[in-house]
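Take a look at the structure tokens below, where one protein chain is shown in two forms, each on its own, as structure 1 and structure 2.
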Structure 1
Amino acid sequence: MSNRKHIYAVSALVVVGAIVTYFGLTALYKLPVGASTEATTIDQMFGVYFGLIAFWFALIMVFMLYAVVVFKRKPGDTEDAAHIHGNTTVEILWTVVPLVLVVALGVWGATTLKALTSEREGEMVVRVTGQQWSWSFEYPESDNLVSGDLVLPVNQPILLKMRANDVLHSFWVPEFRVKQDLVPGRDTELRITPTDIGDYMLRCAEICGLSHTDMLAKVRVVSQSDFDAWVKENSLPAMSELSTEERGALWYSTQGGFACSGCHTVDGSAGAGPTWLGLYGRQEALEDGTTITADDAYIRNSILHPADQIVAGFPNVMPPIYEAQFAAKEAEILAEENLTVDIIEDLIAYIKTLQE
């Protein structure tokens, strides 16, 4: 066969190969359902990229396999092949064509990015806080309601203002497509307009230490009326209306804002830190070999200076940040309700209720 005939044959095979690859790709490679306007936009790009992947992959593979089959050396042939050095036209062609394509895709990507990140009308702000290994969400427009689940009204443009308390984390709900890191010391932003009522899961996508795997939060997209009902139900009562134990339980939860629940369980199951079930009065074996009774003073010290007395068998990962955080919260309550609370006292009262 002449070179020209080979080229015709291989071109036909490339077309077939590209089609087969494309169908194989779209059959085996699925995106999760799209549940936001962002997903719709981004999935269009995915579609085009899948087509390009199929084409370029088939182009090279088919040419290569064709050569492997057709230009195989005959047994006993010791002659060299044709002395072909190169071809400047072809070289320029396969430099310029990809270049044009790359620029076109870049323009598309840049305009899409602009659309994804620019402000929308009627945005609702949700403040997202990430800390080892839990999430909390604050709704400034709903009386600063704080929640451990992310609940969003459907078709409402949302602006997430995000902040990490300790290390980097990353916000990713695959059904929404977009992702954004949370950085200590600065706000990062992400815009989402959920379009489908349903339950999803937020999973931290940036390694953040021991229990990164478990840094999850439920995401619920609900109708506007369900959202309003949820807000009403979950708004925090005034502090003075709560007993110390109730306040302690609140501080423990993500809703209360300190999320001890990220590491401590109250039902005896395993976590990154010791369970609080039966903690009060327990004989605690420490890493330095001593044993200590978990009384008020010990618990207070464990919270203020976590590295002082490490419980045997646990890593020293409890953050030493609570002294400052508690002081700030106590000052806030004093200012708002003219009420003096001692958060550690509340926590100890709560822990005392957790007996087997």
Structure 2
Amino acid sequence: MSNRKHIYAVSALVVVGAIVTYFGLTALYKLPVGASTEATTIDQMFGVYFGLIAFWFALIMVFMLYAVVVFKRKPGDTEDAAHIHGNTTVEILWTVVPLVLVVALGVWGATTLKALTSEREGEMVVRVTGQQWSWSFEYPESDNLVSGDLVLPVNQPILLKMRANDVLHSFWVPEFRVKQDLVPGRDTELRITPTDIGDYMLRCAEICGLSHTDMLAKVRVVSQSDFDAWVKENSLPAMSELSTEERGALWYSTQGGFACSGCHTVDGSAGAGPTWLGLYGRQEALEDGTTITADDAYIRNSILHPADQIVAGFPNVMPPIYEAQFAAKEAEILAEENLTVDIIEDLIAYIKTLQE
């Protein structure tokens, strides 16, 4: 076979190998539906990367296997093969082409990252709080409505301002493609523009402790009219209109913004912390071997100083952040409604209603 025929054969095999590899990669690493404007750009990058991976893999494997099969030593052939000392043109090409390609991909990636993180006109701000092991979402432009679900209007640019209350967490909705860590002590930001109405799932993509796999939240993308109706339906009532017990139930819920429900159940089922069902007046065995009655003083101390009296069988994971958070919320209510509330007293009153 002439050299020209070898070139034709290898070229054809490389093309076929690249196509087969590309479709194999896209089938093996199948992406979920893209539901944001960011997903379109990122999926294009995935397509290019898969194409390059497939081409280079096929190029290397075809040359190697073709040489092994076609140019293997024939039976009885004892002569030395032709001595080839190199090809300057080929060496320059395999150095310069990958270099130019890597630089081009780097520039493309940097440009894309800048576009994905740049400010957009008409952004709606949502404050995201991650905490072992729950999410809460606050809408400053909707009277600071707080929700345990992330509800977003379709085609609306969103700026997520995110913070972790304890350890590293990571905001990840696969259909949106973008991902961002939440860091204790400072805010991080993520921008998305959802394009498809539907229900999705927010996952924490950073291993964050005992119940990491349960750190999920529903994400709903709805029409603007449905979003407006949801805001109206879920807006908090005036605190003065609620009883102490009702306020306690609110603070416990994800809508209250303190994530109590992320660790403590009210139905007796297991959680990261002791269940609140039948808690008040119960004898609790502590990890130091002593026993204590769950009265007002114990509950208050457990909230303000969670590491002081750990119930046996439960991890010490509750962050000591609630004294400051409660004080800030109480000051806000006082300023807005001229009403003095004690959130811990509200919670104790609610716990007293949870009898077995």
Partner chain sequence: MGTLRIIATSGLIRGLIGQAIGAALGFGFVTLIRLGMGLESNPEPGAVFGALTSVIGFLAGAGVLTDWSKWALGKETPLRHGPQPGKPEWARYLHVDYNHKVIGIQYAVTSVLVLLVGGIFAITFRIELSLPGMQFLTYEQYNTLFSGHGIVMIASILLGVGAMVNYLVPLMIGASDMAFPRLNAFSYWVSVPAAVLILTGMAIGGWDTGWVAYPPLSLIAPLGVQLFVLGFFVNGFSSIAGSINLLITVATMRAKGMSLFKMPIFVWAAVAAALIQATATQTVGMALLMVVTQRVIGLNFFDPATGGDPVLYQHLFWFYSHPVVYVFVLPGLGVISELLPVFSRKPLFGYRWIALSSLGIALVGFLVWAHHMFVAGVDNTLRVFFMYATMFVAVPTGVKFFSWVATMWEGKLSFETPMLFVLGAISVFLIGGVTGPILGNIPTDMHLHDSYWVVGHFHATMFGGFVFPFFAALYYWYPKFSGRMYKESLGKLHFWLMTPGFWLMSLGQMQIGLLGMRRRVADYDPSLGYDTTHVVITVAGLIIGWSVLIMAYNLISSARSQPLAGNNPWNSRSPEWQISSPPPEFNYDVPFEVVGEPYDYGLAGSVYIRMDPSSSGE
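Along the sequence of structure 1, residues get numbers from 1 upward. Everything quoted here is computed from the prediction, not taken from an experiment. C-alpha atoms forming the largest set that superposes within 1.5 Å between two forms make up the rigid core.
Source of structure 2: the form predicted on its own. Look at 28, 332, 85, 268: the residue sitting at the hinge between the two structures, where one rigid part turns on the other, is 28.
The smaller of the two rigid parts turns by 15° against the larger between the two structures, as judged from C-alpha superpositions.
Here the two forms are laid over each other by their core, and the C-alpha of residue 78 is off by 10.3 Å between the two structures. The rigid core superposition between the two structures gives a CA shift for residue 65 of 3.7 Å.
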